[in-house]
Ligand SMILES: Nc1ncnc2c1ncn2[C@@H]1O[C@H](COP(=O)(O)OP(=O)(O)OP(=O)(O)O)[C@@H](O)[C@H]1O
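In structure tokens, one chain follows: the form predicted alone.
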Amino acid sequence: MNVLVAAPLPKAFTYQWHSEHMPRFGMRVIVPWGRQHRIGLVQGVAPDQQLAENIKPVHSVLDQGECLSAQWQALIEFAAKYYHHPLGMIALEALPKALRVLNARGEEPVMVAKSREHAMKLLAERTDPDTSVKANKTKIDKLEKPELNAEQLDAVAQLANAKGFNPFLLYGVTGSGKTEVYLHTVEERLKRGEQVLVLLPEINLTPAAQALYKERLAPHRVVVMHSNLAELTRTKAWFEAATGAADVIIATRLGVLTPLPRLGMIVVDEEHDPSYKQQDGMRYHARDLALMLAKQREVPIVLGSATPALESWLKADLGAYKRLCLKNRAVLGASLPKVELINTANFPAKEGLSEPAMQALVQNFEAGKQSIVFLNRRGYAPQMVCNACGWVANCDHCTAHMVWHKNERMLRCHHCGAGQRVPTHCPTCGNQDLTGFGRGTQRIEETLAGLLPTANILRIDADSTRNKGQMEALLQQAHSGEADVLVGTQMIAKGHDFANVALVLALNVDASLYSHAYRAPERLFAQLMQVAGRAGRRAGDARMVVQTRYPQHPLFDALKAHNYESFASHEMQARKDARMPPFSHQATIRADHKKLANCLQFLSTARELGEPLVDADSPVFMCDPVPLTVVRVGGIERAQMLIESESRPALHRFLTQWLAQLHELPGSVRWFLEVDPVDL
């Protein structure tokens, strides 16, 4: 019997089967693993020639695999093949921790049985006619539905009536009512008894989405799944989704790997967001896997965004996706903000703010309107320096500066998390005049407090929302109108419907204009368009002010016109000329070791092994191994090598042959492959 185990090896493991139950894929079993036991998943019957007397027997059977269907099997097998990742690790890590890890006594956690029982009870109530009638008679009062405009009605009609695998790109300006389109479409799908999967890029967007979907779609069952949930809550939600007891599943990227027996449609909101790409383990892209899931299950999928990924935009241009456009804001009288540029060469910033920017903030506050100050850098100051000798506080474990967090009186590394108390004097020369260089959200918050002493200023970033419930509490203050100024990172740039925001001020945007990362302009434009969209959602006369030293940059021309099509056309041509994605396909292999020389040597050896596999039938190019920009993190040196090809099939043929050889290489270098990398 072949059993999948969460081990970093590209194979299943063979055990003897003595259970009275017939083996089938997805049955969870406990198997011996060294001196311990682990939970594994039955893959299938092993060929007779693999059997031997020393093969250990399966210890026990935990369930019959009733939640893990052949459809789910097909998806994870595709993921394993496409991302060249061990099938066992994908299969087990897609499950809640309680379903794949034994407790301290070597037993299945009690919460599994409780969660299964809870889901089966809900499922029975759902399918019981008497219970269903009772539920329909006691519906809670719903929110009054906003009246849809012609663009929204057309989109809902096309999405609700779509059949089979049918990918749509819902392209709508910020505030155009994409969420209303989702809600109306989902409601129509639920009437047919279908499940709908709604993917969101970030955890902080799920509370508001859950509340809205629950209220609008009652009495249908809505569950939320993400990694910050308590384990019992997540396990219950998984069973509700996997048994079909839940109707709407709102999830972050891991939700795409959840079994859904009644799946009828998939929604991927903010489909452009890089958060959909997993950055450890199997480095999958949830949007791309959602497309494969929709294709396998033959259901429609809608990708929504005001700033679609260039890959999606090109697919729509080529006719692979059907583009639905919402070109106007949904609320009557609402308009997109006027974008103004402040040239910091003419108006230098003082404490992070130029004189025109300060005037705009004061005027907006005096008018009784809310402002957003967007700065995608948390902490007080990115660097602490000595003015006498030039000493800079660097992380001992990373090739990065320590960030000064003034409120905590700490220096913290944002790469490895290391922290230390702020020194009272320079460790090199003894000078006590240590100052912060650069500005983060904490420092801008302090500056604003001096500029607007009577204003209620809220800071929303990873530091201020670290504890449970803090994000919800801050957003409640923002939505209620208690807050006058919101200072934050990308956490406030998307998905939030602030009714009274009339001014958005964007700071420190220039670093991305001329970055070595080819996706940097695309991400910057998306961020600026998204944060601009928080203003003027209920009325006109809204403004966005951007401080920059390079107002002549073509990105700002498209931003001022709110013209994504213009930006996409310009950027797409640049990518095509450079043969970069989406006009080529890439993979990276990264090596980690305490010594950089070992990383580079491993990658050089890997390149030598790959060169004989490259021929006319396999047009693949391997670049030179190079250290990462931040070469050391947590005391580990890092290097990588880029592999690219204009042919996706050719790239994968090469990777399959090449990786088989790499797995045989000895040594202590830790390495992994990433297909379709987004951070280059």
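Start at 1 and count along the sequence shown; that's the residue number. Everything numeric here is computed off the predicted structure, so don't read it as measured data.
Not pictured, yet referred to below: the form predicted together with this ligand.
For a residue to qualify, one of its non-hydrogen atoms must sit within 4.5 Å of this ligand in the predicted complex; all three of Gly175, Glu180 and Glu270 qualify. The candidate stretches are 495 to 503, 539 to 547, 342 to 350, 93 to 101, and the one lying within 4.5 Å of this ligand in the predicted complex by heavy atoms is 495 to 503.
Using a 4.5 angstroms limit between non-hydrogen atoms, Glu147 touches this ligand in the predicted complex. Shown alone here, Val331 lies within 4.5 Å of this ligand in the predicted complex, counting heavy atoms only.
In the predicted complex, this ligand sits within 4.5 Å of a heavy atom belonging to Gln152.
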